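As a starting point, one isolated chain is supplied in structure tokens, in the form predicted on its own.
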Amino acid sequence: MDRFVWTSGLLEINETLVIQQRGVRVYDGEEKIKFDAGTLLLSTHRLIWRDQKNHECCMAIPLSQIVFIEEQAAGIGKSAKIVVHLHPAPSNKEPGPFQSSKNSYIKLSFKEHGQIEFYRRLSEEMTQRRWENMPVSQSLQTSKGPQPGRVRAVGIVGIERKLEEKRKETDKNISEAFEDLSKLMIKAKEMVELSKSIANKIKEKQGDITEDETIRFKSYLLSMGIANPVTRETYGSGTQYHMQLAKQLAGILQAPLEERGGIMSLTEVYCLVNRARGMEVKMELLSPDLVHACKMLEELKLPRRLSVFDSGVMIIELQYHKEEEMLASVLEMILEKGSLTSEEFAKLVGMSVLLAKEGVLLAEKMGHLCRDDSVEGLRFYPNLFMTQS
């Protein structure tokens, strides 16, 4: 712990934020110390720990002080940890929380998970050693003492600098998001082509393959699930987790949405996604996380979106799906049949009863349909005032 120095937490010029994770406790060797709940930030130059309650309590250690890192698995009642082995503290070190320590390593305990992704990104920074490309005048190494000529950015200059740093970080995150999305869509396309190919082969062999064999074959496809599911253990429990989950949802839902005319209820999505994840993630079902991830679909400019009917029913639909097309489909079917219940309409178009009911209710709201609510149930008829005029 004597390698840490106090810091404001602001990023220096040419320093970039790589990843951050809440709920991290710092150990001095094996000893518990007062720094028990904070946000751990990894930049291209430093590890920064900031107390979650008292933001004035902020300390950092340069990456150049790290010898090597290793993972420590979670146990019963124990969180997973990253062990960071350090060089000896220099004699002219700046002030920090501890002036001396008998330990040559620290432990970072991840109470809210996310250690897998953090370890991967930290390993990458240790390999790339990007801090060495920084001009000497702006170096953050602890071997240099306090710089008397250094002026801290305050006032308007400080605000402008913070805004510029935030803009750079946002640009980087957007670039990474689109890069990941491109890879995900390529894989999703391959899986769609594979499923179509297998479906065609099943149709071709219809006479040769029994129904039981067909069901068994399709179950094998379902059991493959998602090769690399997004989990809290990998990405923690914050925004990063929901962003990665939203990207994965975009790939999973491509084929099912196309098969269902571009629209699915959130209940259907929940069952489909958890079934696909079930073989890989047996104990981590998605519920509120699914809603949070779906709300980010449009924000991340993914080709899906979350919509809500007047009744409160949530749906996921393709970006090109239009309400007018759904209304036209409802009206055309009811004009053809004379009258329909929502259950009958659902059966005809191959849609869930829930979505079918929302569709006919929307058509009624727009004035295209009239209802007959009797002991036989709720039946919808074309509005002759609209159709015959």
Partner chain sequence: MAMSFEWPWQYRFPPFFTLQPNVDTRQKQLAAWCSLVLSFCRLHKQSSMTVMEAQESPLFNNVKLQRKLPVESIQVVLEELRKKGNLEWLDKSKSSFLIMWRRPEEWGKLIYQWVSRSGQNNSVFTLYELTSGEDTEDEEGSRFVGVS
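Numbering follows the first chain given and starts at 1. What you see is a predicted model; the values in this text were computed from it and never measured. Under this definition, the rigid core comprises the largest set of C-alpha atoms superposing within 1.5 Å between the forms.
The discussion below concerns the form predicted together with its partner chain, not included here.
Self-check item: N383 within 4.5 Å of its partner chain in the predicted complex, heavy atoms
Solution: Flag for N383 set to yes.
Quiz item: Is L17 close enough to its partner chain in the predicted complex to count, meaning some heavy atom within 4.5 Å?
Solution: Looking in the predicted complex, residue contacts with its partner chain do not include L17, since no heavy atom lies within 4.5 Å.
Exercise. Indicate whether its partner chain has at least one heavy atom within 4.5 Å of a heavy atom of L10 in the predicted complex.
Key: The answer is no: L10 has no heavy atom within 4.5 Å of its partner chain.
Quiz item: Is E364 a contact residue for its partner chain in the predicted complex, using a 4.5 Å heavy atom cut-off?
Solution: Because a heavy atom of E364 falls inside 4.5 Å of its partner chain in the predicted complex, the answer is yes.
Quiz item: Of 365-382, which residues get within 4.5 Å of its partner chain in the predicted complex if you count heavy atoms?
Solution: Those in contact are K365, M366, G367, C370, R371, D372, D373, S374, E376, Y381, P382.
Quiz item: Does the C-alpha of T7 move 2 Å or more between this form and the one not shown once the rigid core is lined up?
Solution: No; T7 is a residue whose C-alpha shifts by less than 2 Å between this form and the one not shown when the cores are overlaid.
Practice problem: Would you tell me if C370 moves between this form and the one not shown by 2 Å or more at its C-alpha, with the rigid core held superposed? | Solution: After core superposition, the C-alpha of C370 moves 2 Å or more between this form and the one not shown.
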